[in-house]
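Only one chain comes next, encoded as structure tokens, the form predicted on its own.
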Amino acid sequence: MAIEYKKSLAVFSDFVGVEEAENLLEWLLKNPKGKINLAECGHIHAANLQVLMAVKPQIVAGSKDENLQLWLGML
């Protein structure tokens, strides 16, 4: 899995594809104070970006990828 879900933290890694979006949304709705770690994420599908934009969770670590950081700046 490209997203590892812990009690209050979702850790993204490598390539996060479209198939992750539904689980991400469910986890965020069940964990409204859940936080996001994108430090090891190199690519995120737009569906996941839309989930993050809609729910607006706290991002505790941004991606090292400059292009991804630009997209995430919209959050």
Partner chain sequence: MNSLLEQFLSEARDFLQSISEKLMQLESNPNSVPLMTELFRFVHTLKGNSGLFDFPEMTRVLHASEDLMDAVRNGRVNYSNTLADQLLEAMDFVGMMMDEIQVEGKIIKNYSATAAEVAKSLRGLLDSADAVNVPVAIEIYTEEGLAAKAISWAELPELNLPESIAMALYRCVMDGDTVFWLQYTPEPECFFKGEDPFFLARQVPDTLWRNVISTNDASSLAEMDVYRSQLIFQFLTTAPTEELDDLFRYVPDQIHRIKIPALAFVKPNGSVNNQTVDDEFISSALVLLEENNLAGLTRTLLTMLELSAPDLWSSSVLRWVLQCIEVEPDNERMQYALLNALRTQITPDWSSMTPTIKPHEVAIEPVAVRSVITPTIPVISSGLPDELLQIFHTVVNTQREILSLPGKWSAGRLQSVAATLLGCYRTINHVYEIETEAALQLALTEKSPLPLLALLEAALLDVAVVNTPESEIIESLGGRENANRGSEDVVSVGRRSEDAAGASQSKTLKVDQEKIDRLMNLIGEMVVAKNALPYLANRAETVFGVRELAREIKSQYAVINRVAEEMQDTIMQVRMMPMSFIFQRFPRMVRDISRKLGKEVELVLEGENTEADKNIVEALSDPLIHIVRNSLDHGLELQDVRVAAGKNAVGKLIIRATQESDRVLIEIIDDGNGIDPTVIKNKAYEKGLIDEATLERISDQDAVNLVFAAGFSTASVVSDLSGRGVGMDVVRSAVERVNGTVGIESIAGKGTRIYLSLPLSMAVTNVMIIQSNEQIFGVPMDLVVETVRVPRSQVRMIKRKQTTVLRGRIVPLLSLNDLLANDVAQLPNEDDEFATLIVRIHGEHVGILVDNFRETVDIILKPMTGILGGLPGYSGAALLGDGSVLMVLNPRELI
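Positions refer to the first chain, counted from 1. None of the values given here were measured: they were computed from a predicted structure.
Below, we refer to the form predicted in complex with the partner chain, which is not included among the displayed structures.
- Taken together, 10, 27 and 31 are entirely out of contact with the partner chain in the predicted bound form: none brings a heavy atom within 4.5 Å.
- Contact annotation: residue 71 falls within 4.5 Å of the partner chain in the predicted bound form, judged by heavy atom distances.
- At a distance threshold of 4.5 angstroms between non-hydrogen atoms, residue 43 is in contact with the partner chain in the predicted bound form.
- When the partner chain is considered in the predicted bound form, residue 39 lies well away from it, no heavy atom lying within 4.5 Å.
- Though the partner is left out of this view, residue 58 does not reach within 4.5 Å of the partner chain in the predicted bound form, counting heavy atoms only.
- Taking the partner chain as it sits in the predicted bound form, the stretch 12-28 comes within 4.5 angstroms of it through a non-hydrogen atom at 15, 18, 19, 21, 22, 25.
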